[in-house]
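To begin, one chain is listed below as structure tokens, in the form predicted alone.
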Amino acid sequence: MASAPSKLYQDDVSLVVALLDTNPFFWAAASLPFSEFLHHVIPFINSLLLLNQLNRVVLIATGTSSCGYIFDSGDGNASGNSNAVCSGIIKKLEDFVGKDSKIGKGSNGDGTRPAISSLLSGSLSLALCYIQRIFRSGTRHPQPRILCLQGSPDGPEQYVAVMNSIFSAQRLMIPIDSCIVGAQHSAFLQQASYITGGVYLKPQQLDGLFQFLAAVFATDLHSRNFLRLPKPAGVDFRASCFCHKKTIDMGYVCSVCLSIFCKYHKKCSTCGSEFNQAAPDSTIPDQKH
């Protein structure tokens, strides 16, 4: 009996879903202005499309309160002059940032925002939904991967949602690549790239960001088997507690639903299980956060 035909194109055809951090709180204090950042990202997107005529690139903006699709090379309206495409991307980004700012002000009555993290969990979910839609439409599809262009610090309150997205990507065999342009490393994206088999990179010199993007993240999944790509020196596997949404080194884990808490609880707030174990000795020092 003949085997079923593969739904994949050749090895060098890629579907790249790029998640672009548009957090104004981060870019206001960043060493690299957002406009110059786009001058590196947009030529990188064009280079991906030039590598193979079947390649497909999708750009998703990650704001502080929302996420949205900005560009899809598979859309008929996206084809045309490169200058027109560039202008269209910038215009849509400006509109998105304005709408996201209004949503943020509406969610906080005083117009302030307590955290400066971006909605990474939302953009990862959008990327996975888009890839799944491509999987289910048509007979053949390119090799998918997700590229996170992140600068904002992690939001511990998003830990559960981000980890769910990471494990979903692992199940679908979708690598998550990470390029960090902020001052701090991202524990979320370190774990994402490690678990899904992607590449994690934090360039030291952002002036040459395009060279890093083109040399490391433009290669298709098949070609990566023959290249020596950068590997992270270490991965931060610390989790966030479910009670205070803080990153902890040590804590308590529910044996039923595996929820994590920084302090002892008589009852699990997630699944409602009661713990028969006696409370820990008060002489033991508090856990490190």
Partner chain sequence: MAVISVATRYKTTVKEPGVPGVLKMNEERFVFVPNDPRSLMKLNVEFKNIKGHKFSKDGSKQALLNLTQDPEKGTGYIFEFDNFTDRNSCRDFVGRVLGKLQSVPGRPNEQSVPEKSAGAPLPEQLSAIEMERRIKLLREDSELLRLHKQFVLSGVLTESEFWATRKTLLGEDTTRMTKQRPGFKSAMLADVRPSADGRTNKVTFSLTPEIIQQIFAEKPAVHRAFLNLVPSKMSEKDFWTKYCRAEYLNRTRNAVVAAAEAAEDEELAVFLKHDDILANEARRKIRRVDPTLDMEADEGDDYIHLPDHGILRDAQKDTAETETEVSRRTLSQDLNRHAAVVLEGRALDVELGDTRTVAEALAWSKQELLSKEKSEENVNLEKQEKVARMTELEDLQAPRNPQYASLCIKDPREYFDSQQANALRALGGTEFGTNSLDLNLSKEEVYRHLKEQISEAKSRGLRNPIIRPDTALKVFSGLSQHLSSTRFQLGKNSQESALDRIPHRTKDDLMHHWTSIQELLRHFWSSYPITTAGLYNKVQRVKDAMGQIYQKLQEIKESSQSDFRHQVSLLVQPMLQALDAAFAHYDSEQQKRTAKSGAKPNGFVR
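Numbering follows the first chain given and starts at 1. The structure displayed is predicted, hence computed values, not measured ones.
Omitted from view is the form predicted together with its partner chain, to which the following refers.
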| property | result |
| --- | --- |
| Residue stretch of 218 to 226, 250 to 258, 53 to 61, 40 to 48 approaching its partner chain in the predicted bound form, non-hydrogen atom distance within 4.5 Å | 40 to 48 |
| Contact residue in the predicted bound form, chosen from V97, L172, I134, M163 - any heavy atom within 4.5 Å of its partner chain | V97 |
| 4.5 angstroms heavy atom contact with its partner chain in the predicted bound form for D207 | yes |
| T22: touches its partner chain in the predicted bound form, heavy atom cutoff 4.5 angstroms | yes |
| Its partner chain contact in the predicted bound form: G74, any heavy atom under 4.5 Å | no |
| 4.5 Å heavy atom contact, C179 and its partner chain in the predicted bound form | no |
| Residues in 22 to 40 close to its partner chain in the predicted bound form, defined by a heavy atom within 4.5 Å, in order | T22, P24, F25, F26, W27, A28, A29, P33, F34, S35, E36, L38, H39, H40 |
